[in-house]
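Coming up is one lone chain in structure tokens, specifically the form predicted alone.
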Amino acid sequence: MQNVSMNAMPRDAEFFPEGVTRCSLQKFLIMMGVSLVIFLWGCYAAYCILAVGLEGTGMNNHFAFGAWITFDLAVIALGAGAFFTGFLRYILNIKELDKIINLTVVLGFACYTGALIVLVLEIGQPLRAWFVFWHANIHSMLTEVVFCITIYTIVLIIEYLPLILGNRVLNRNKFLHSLGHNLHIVMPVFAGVGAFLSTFHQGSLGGISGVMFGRAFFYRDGFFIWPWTFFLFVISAAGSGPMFTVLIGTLMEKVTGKKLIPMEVKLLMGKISGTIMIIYAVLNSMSALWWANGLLPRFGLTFSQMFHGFYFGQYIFWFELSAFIPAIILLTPKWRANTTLLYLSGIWLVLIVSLNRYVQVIQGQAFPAMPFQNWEFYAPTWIEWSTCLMVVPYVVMLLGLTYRYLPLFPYEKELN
């Protein structure tokens, strides 16, 4: 989208944030239309699942979880920039984050609601989704995950609401203006609640695999009742989320041709990610060392037995441990100031966290848990790919509409 002159303002210009320009309505509708077509294809795939059930997927009795859970875990982790940045801004009062906090909220809302869309299909019988609330299994970590994700999504809606009420037309209404202002005042409360909820469901998503003592690839010792994977999931989400937000913001700058986020804020987010990820790298390396040299021998297994072929190769394991490299780059002022290294480090961290979720879901199920079993392979069907990828155009449309009509970047006018 390119800037337009003030003499040729689009027909919907009265809804734009004050003092900024947007592309023509025609270009915007074309972009939204392309995204909508891809999204509708995903909706058709979702209809196929709801019509024939999980038989249309590549999952079976061996692979109870597949592409949907892998995708959900990755998206929820990367969307964690919302809860962690909100915690830093409203609880620790880092005011510089005001320039990016809106984007983190919208991106977190998009990621979490997108994940919930996919989870509706994972349930198998969506009409019974309310069972998890009414007939809650208090002994299951998934129950805690469902409750926390549901409540945190509601928190994200509340955090998103002031941005919606900031629309120039809506803001003219005295009641809506007052409501938005008052929500801003109490936002630290919701930020604190969101940080608490997100921390526990991120941890429990990791803890689910960590307590499976019948599967040596998954199982981990831990701290009191929590396996190490509980803490590693929380830390990796908090560390990768801020840089994922920076990458999305930078991509929006490339698309719009505008400066939207000050460079000093990007560098601050990079420093935050580097600090958290260096902690993750140390703890993850310690966990892997103990797993390979302590836990596996206890089960009568060896390190090399945990890997097989290309899809489950050792290169993924060593790539995960390479988190030290991008973390050190982000912690070094000279290297962090290099935009190429900054963005490459962010992409590196996103890939590390995404691959971690892949091995925590797929590879552990593929490993032969019994002596008479062989390695199993799982291939997602087109339905699974389509329903996962439908989240991408959903996020594009949500970010596009928000950027066009709401004050997503409060300092855009000053930067351009």
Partner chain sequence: MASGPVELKIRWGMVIDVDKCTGCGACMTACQAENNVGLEENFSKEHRAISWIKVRKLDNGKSFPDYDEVYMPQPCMQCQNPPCVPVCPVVATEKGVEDGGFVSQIAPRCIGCRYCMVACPYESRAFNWHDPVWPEGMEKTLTPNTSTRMRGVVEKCTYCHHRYTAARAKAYEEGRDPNELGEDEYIPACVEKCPSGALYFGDLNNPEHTVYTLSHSENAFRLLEKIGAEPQLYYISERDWVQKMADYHLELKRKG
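Residue numbers count along the first chain shown, from 1. Remember, it's a predicted structure, so these values are computed and weren't measured experimentally.
There is another form of the same protein, the form predicted in complex with the partner chain; it is not shown, and what comes next is about it.
Colleague: The partner chain isn't shown here, but in the model of the complex which of 358, 39, 348, 367 has a heavy atom within 4.5 Å of it?
Modeller: Exactly one listed residue reaches within 4.5 Å, namely 367.
Colleague: Which pick from 309, 294, 333, 300 sits with a heavy atom within 4.5 Å of the partner chain in the model of the complex?
Modeller: Looking at 309, 294, 333, 300 one by one, just 300 meets the 4.5 Å heavy-atom criterion.
Colleague: Taking any heavy atom pair closer than or equal to 4.5 Å as contact, tell me whether residue 305 reaches the partner chain in the model of the complex.
Modeller: It does: once the partner chain is placed as it appears in the model of the complex, residue 305 has a heavy atom within 4.5 Å of it.
Colleague: Wondering, does residue 371 line up within 4.5 Å of the partner chain in the model of the complex on heavy atoms?
Modeller: Although the partner chain is absent here, residue 371 would touch it in the model of the complex, with heavy atoms inside 4.5 Å.
Colleague: Given that the partner is absent here, does residue 132 sit within 4.5 Å of the partner chain in the model of the complex, heavy atoms only?
Modeller: Yes, residue 132 is a contact residue.
Colleague: Taking heavy atoms and a 4.5 Å cut-off, does residue 86 contact the partner chain in the model of the complex?
Modeller: No.
Colleague: Among 89-97, 138-146, 335-343, 183-191, which stretch has residues with heavy atoms no more than 4.5 Å from the partner chain in the model of the complex?
Modeller: Single hit among the candidates: 138-146.
Colleague: Using a 4.5 Å heavy atom cutoff, which residues in 103-128 contact the partner chain in the model of the complex? It's fine if the answer is none.
Modeller: Stretch hits, in order: 122, 123, 124, 125, 128.
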